[in-house]
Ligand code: SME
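Shown below, as structure tokens, is a lone chain in the form predicted alone; questions about how it binds or moves come after it.
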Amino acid sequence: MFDFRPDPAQPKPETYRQLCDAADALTAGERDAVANMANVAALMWEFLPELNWAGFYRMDRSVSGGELVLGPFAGRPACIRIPLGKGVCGAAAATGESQLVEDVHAFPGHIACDAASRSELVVPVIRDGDVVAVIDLDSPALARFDVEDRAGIEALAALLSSRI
């Protein structure tokens, strides 16, 4: 049995270090990408406060031009398919760059899967130079995410790049 519970009073970098350690422990040696994404989505939900959605969108290149398809997550039901370049997730997948958005309503082309979301952090998971998925975090709090959150989720994405 696993019981990963961070101390809510610890500094953010320590929370993300522990999140990555827990994700490493859960995914090491497991070959099933869906199982690994499911466990990591649950960990993010457990570790990170003020979220209303935490999970993955997977890259589907079988569609002309590619698109993102909903993967394992914690939170309310979500959009199933997102074209590359559309919304925050599509922008991260198309550019291969993290998107830290303080106010999603000010983001051109934002896709509102949950009207309660106010801020968003999306980090691409890159393997061999290709985006294979994105990690998506939504919050009902305006400007919930900062550069420490981006660095922490980028470290998590790097860890997962060969495991999903």
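The structure displayed is predicted, hence computed values, not measured ones. Sequential numbering from 1, following the sequence displayed.
Not pictured, yet referred to below: the form predicted together with the named molecule.
**Q** Heavy atoms within 4.5 Å of the named molecule in the model of the complex: which stretch in 52-60, 124-132, 24-32, 39-47 meets that?
**A** Checking each option against the 4.5 Å cut-off leaves 52-60.
**Q** Evaluate Leu84 for contact with the named molecule in the model of the complex, applying a 4.5 angstroms cut-off between non-hydrogen atoms, and reply yes or no.
**A** No, no contact at 4.5 Å.
**Q** Even though the partner isn't displayed, in the model of the complex is Ala93 close enough to the named molecule, meaning a heavy atom within 4.5 Å?
**A** No, Ala93 stays farther than 4.5 Å from the named molecule in the model of the complex.
**Q** If we define contact as a non-hydrogen atom of the residue within 4.5 angstroms of the partner, is Ile111 a contact of the named molecule in the model of the complex?
**A** Contact check for Ile111: yes, within 4.5 Å of the named molecule in the model of the complex.
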